[in-house]
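Heads up, the chain below is alone and in the form predicted on its own; it's given as structure tokens.
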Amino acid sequence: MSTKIITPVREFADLLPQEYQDLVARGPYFEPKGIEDLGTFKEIIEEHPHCAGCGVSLGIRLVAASLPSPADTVIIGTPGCSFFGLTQTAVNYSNTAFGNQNAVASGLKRMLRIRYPDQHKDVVVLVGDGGIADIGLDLTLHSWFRREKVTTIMVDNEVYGNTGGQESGMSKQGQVLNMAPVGKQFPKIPVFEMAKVSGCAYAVRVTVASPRKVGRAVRNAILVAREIGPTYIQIYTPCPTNLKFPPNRTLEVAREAEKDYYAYEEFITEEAANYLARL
């Protein structure tokens, strides 16, 4: 893999918007980049179709800016709010049927290991709470049980944002939503806790209000997945449209969650910790 796959052919280059041409020319491929460098390179097209103040689009930006090897990374997505931003990023991206992203990622990772035995090719699942916690929970867990060397990242907006505001398994208990008028009747699905007992070597729960922690978690998770086993990151990405708060309060809402039920937590096995210490 290389930047060739996203570079337009000469015949179509002048038909593409300048933003896309900038994405190829100023993407994060040519020297190491990170959260601190945001604004000095192009990781996403600004005119993406997310709502104003969207926490998911911010989460995608932070992840895209933190990849250890963007040109050698494939992101696997699934239908949902995350899809809209991921198609605008400067990385190789493949969409799947709803919920089977971890199965696709597992097969792709095995294929890349055969095709490029002497190179690291990172496979990252980056989807919402519906894809991972609801319809895709079985495939997610089984990829962890099998110890697939894939990083799974949930952008958790706690709602089905692109289909009208239905409750998801990750919605808070009691949360009133457009299509949950009396409030959700059961607690959030404990996916982070499941990751710790299902084979993940590294797992982090974090919010978009802590971008440096997000960046460090993404980098560590992908590096650990290269050699040790599956890794998981759960990022709180609040949805102003369906949670009914002003779009300029997204970070404030995330900070409040950090003080309460979404406190930062990191899990790491001894093997993974020793591996990172040697890098």
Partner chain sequence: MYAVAKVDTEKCTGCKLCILTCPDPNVFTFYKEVKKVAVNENRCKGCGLCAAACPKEALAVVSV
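Numbering follows the first chain given and starts at 1. Computed from a predicted model, the values in this text were never measured in an experiment.
The protein also exists as the form predicted in complex with its partner chain; that form is not presented, and the subsequent description refers to it.
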Original post:
Among V214, I222, A254, L58, which has at least one heavy atom within 4.5 Å of its partner chain in the predicted complex?
Top reply: L58
Subject >> Three-residue site A133, K259 and E266 fully in contact with its partner chain in the predicted complex at 4.5 Å by heavy atom >> reply: no
Original post:
Does R226 make contact with its partner chain in the predicted complex, using a 4.5 Å heavy atom cut-off?
Top reply: no
Original post:
R249: heavy atom within 4.5 Å of its partner chain in the predicted complex?
Top reply: yes
Original post:
Any chance E31 has a heavy atom within 4.5 Å of its partner chain in the predicted complex?
Top reply: no
Subject >> Contact test in the predicted complex: G53 vs its partner chain, heavy atoms, 4.5 Å >> reply: yes
Original post:
Which among 185-193, 205-213, 149-157, 169-177 is in contact with its partner chain in the predicted complex, heavy atoms within 4.5 angstroms?
Top reply: 205-213
**OP:** Any residue of 19-50 with a heavy atom within 4.5 Å of its partner chain in the predicted complex counts; write them all down in order.
**Re:** E19, I35, E36, L38, G39, T40, F41, K42, E43, I45, E46, E47, H48, P49, H50
Subject >> Pairwise C-alpha change, I45 versus N102, in the predicted complex against this form - closer or farther, 3 angstroms or more >> reply: closer
Original post:
So the Cα-Cα distance between I44 and A52 shifts by 3 Å or more in the predicted complex; is it shorter or longer than what we see here?
Top reply: farther
